[in-house]
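The chain below stands alone and is given in structure tokens; this is the form predicted alone.
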Amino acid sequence: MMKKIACTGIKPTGTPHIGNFFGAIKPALELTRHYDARYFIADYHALNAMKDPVSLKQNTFEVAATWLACGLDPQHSLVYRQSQVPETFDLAIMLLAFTAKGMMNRAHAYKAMVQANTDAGRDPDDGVNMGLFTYPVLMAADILLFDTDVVPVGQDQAQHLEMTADIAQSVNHNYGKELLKVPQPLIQENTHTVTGLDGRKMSKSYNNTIPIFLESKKLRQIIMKIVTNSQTVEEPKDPDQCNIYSLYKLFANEQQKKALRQRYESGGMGWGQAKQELYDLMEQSLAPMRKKYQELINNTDHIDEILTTGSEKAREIATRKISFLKKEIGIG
């Protein structure tokens, strides 16, 4: 029996941190166990906000190297650049003819910019480009082009997938047949909200992140900055109320978690010791990925080769779909 198809878009923006790894990268990579998983670098989506060509190219290499270092295997999954599959944009143009402007008016990103402009006394559409306004349509094309069955989504992307389904249903209704497969959201139960250095959710906006590929010495330095309370070494401590243990659990097996929990509850362990335990475990897990990342980012020609090969495979699938659609809608 053929596996169902899952699709994940990866926006090339900034250096990923531990929260990104456990909240998005690791769950997305686990899809390969049950799905025919496709991963694309969403470089045209990034163009809406990133206009510097050097930064965009570098970020594309960095995000590709990150996912490959974290375990994405191009031999078993389709990995490609959005910009190298022009059939995506053929489909996007088709979909625009079936997309109500009112739907785009309700898109979260657009509404947020309009609200910010209004609050600041500016024209509501100040700084809004059509790439941002039609972002959900291009996202729909990314998904629908490959007859995607499921898309892993968080709360911030749920609306876009609902719009994708609405657009696909509009096309299918007009032609009286299923030309486009209507995708379903995949809510992953095993995703994690990762605690940052200060106990809040790990986020760049809070400046409380731990970048994945920090070199060993800097990793230890940043772990030693984790905020703790003023309990003494002798006092028993509650691991469930501790930022250190919250991070430790993400990397530890059951035996390791149980052992450290006992040390917390029995007393005799200071915060410095707990941080050292966390560092040792994180270094053990992250060092191989850091090494692979450095090898990849120092050989961008190899990354280019991987993405180009994947994009060629993606185009084979996409070309068949566009050829079929053009015939069905009367322009092929």
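Remember, predicted model here, so these are calculated numbers, not experimental data. A residue's number is simply how far along the shown sequence it sits, counting from 1.
Not on display, but discussed next: the form predicted in complex with a small molecule.
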Contact stretch among 65-73, 280-288, 296-304, 34-42 - heavy atom within 4.5 Å of the small molecule in the predicted bound form:
34-42
Ok, Q256, Q169, N129, Q157: which has a heavy atom sitting within 4.5 Å of the small molecule in the predicted bound form?
Q157
Here the chain is shown alone; which of A107, A92, L219, V151 has a heavy atom within 4.5 Å of the small molecule in the predicted bound form?
V151
So, Y248 and the small molecule: in the predicted bound form, are they within 4.5 Å at any heavy atom pair?
no
Please tell me whether any heavy atom belonging to M139 falls inside 4.5 Å of a heavy atom of the small molecule, as the geometry stands in the predicted bound form.
yes
Is there a heavy atom of G9 no more than 4.5 Å from a heavy atom of the small molecule in the predicted bound form?
yes
May I ask you to check whether F213 falls inside a 4.5 Å heavy atom distance of the small molecule in the predicted bound form?
no
